[in-house]
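We begin with a single chain expressed as structure tokens, specifically the form predicted on its own.
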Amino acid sequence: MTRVLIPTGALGLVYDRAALARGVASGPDIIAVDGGSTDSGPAYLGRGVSKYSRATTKAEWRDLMLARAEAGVQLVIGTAGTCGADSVVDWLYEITCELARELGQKVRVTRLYSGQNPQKIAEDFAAGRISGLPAAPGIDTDTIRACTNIVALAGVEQVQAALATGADIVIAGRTTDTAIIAALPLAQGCHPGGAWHGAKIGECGALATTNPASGTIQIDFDETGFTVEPLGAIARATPYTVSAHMLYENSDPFLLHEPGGILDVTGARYEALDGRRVRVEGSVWRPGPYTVKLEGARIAGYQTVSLTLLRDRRYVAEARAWTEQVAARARADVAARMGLGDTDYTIELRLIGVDATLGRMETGGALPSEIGVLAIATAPTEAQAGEIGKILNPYLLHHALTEEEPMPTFAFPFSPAEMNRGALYEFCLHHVLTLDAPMDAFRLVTDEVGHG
């Protein structure tokens, strides 16, 4: 039996310290935690930075390092620093070194790097080693070379290689969410289908329980399946909460694609052992060609944003027409004064409080008492985006619906009204790379840090 303690769905999200203490007291074989995802968009990968605060990350990582030392087991984090780029692996390594010194710990730390050289990936593409997943964007070698960061998603083989270094702590770059949980149970001979399925259920901590915010769960893997047990005081796992998790971040409730194969849970059986624990058996692992998913981000332009508030009843009622007039006048000015064509840039005016989230898909009817108008200017350079933002400024502040009426004044909540957002990034890879051997696209570095 292999017991995996999962403190939280992602480092930085906050978790229940009392539940973690109960998990440590239960004698885990490893502590595994995820560090991020693509949920918050491409900017973090494009820039190679974490979306979570350093202070929060350090505080939570500190407690996990203490828990590791008390339990006397390995601690592994996957997709460190939100996106798993090499720069954020090093960022968390620096935090680890600081904490080791502060806690008086001497620890062996292995870094598993997932970053890829764009030139090498472009050569792999030209050699036919890269293929698109469903709905993947069209790419060429120039697209790949333009990426500021490319990562490959490590599977269990790479995590097992990192654990095999004897590290106390493994800081992994981009991994699949399941790999860090399934790696040790598979290495110790647990049921392959059960190991992958349990890892999927545990990927987000207590999300597959009745109290997701409690964060901490443990999963026992063995020769026939796995048992899920939440560690929060009032959290419960039920056959419903556990089985439903196959649909989380996965469009198929029965199949899950991973490096080197597919998890098939069509025949899985979910049994409530008591009011808190669920037993699962019957899952199947189907081996296949060894590929790893690639994620890449590149700069798609630069943005300046501005926000104005409409509260006058007539302007609220005519907000759509007002924004269309503002955009038209600004576009005319951009063409005349900056010489940019319509396809060189974009201006968006989103009505916050009306349909800013869904656009034309919005079904709501009643108008609010005020509307926020978010103006977004996107252009090839930061200077051009800033210029367009300033061209929009007087219209956003004073544009009247008709020529024969007093000039209105609307409300800017900020001064200056224009905010440069810097580079705008986009994901441009949704592809897989075929490898001859799992470590071909990854590398390991091991160091001893701190004081003991």
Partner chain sequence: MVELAEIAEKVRSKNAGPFWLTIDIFCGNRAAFERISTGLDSARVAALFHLDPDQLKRFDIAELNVVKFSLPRPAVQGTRADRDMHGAAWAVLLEELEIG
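Positions refer to the first chain, counted from 1. Note that this is a predicted model, so its numbers are computed, not measured.
Another form, the form predicted together with the partner chain, is not on view; read the next lines as being about it.
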(request) Go through 237-245, 142-150, 195-203, 157-165 and give me the stretch that gets within 4.5 Å of the partner chain in the predicted bound form, heavy atoms only. (result) 237-245
(message) Even though the partner isn't displayed, in the predicted bound form is residue 227 close enough to the partner chain, meaning a heavy atom within 4.5 Å?
(response) no
(message) Considering non-hydrogen atoms and a 4.5 Å limit, does the partner chain approach residue 422 in the predicted bound form?
(response) no
(message) I'd like to check something about residue 332: if you look in the predicted bound form, is any of its heavy atoms closer than or equal to 4.5 Å to a heavy atom of the partner chain?
(response) no
(message) If we define contact as a non-hydrogen atom of the residue within 4.5 angstroms of the partner, is residue 119 a contact of the partner chain in the predicted bound form?
(response) no
(request) Find the only residue in 57, 393, 384, 38 having a heavy atom within 4.5 Å of the partner chain in the predicted bound form. (result) 38
(request) Heavy atom within 4.5 Å of the partner chain in the predicted bound form: which of 284, 309, 95, 356 fits that? Just give me the one. (result) 356
(request) For the stretch 367-392, return the residues whose heavy atoms include at least one within 4.5 Å of the partner chain in the predicted bound form, in the order they occur. (result) 378
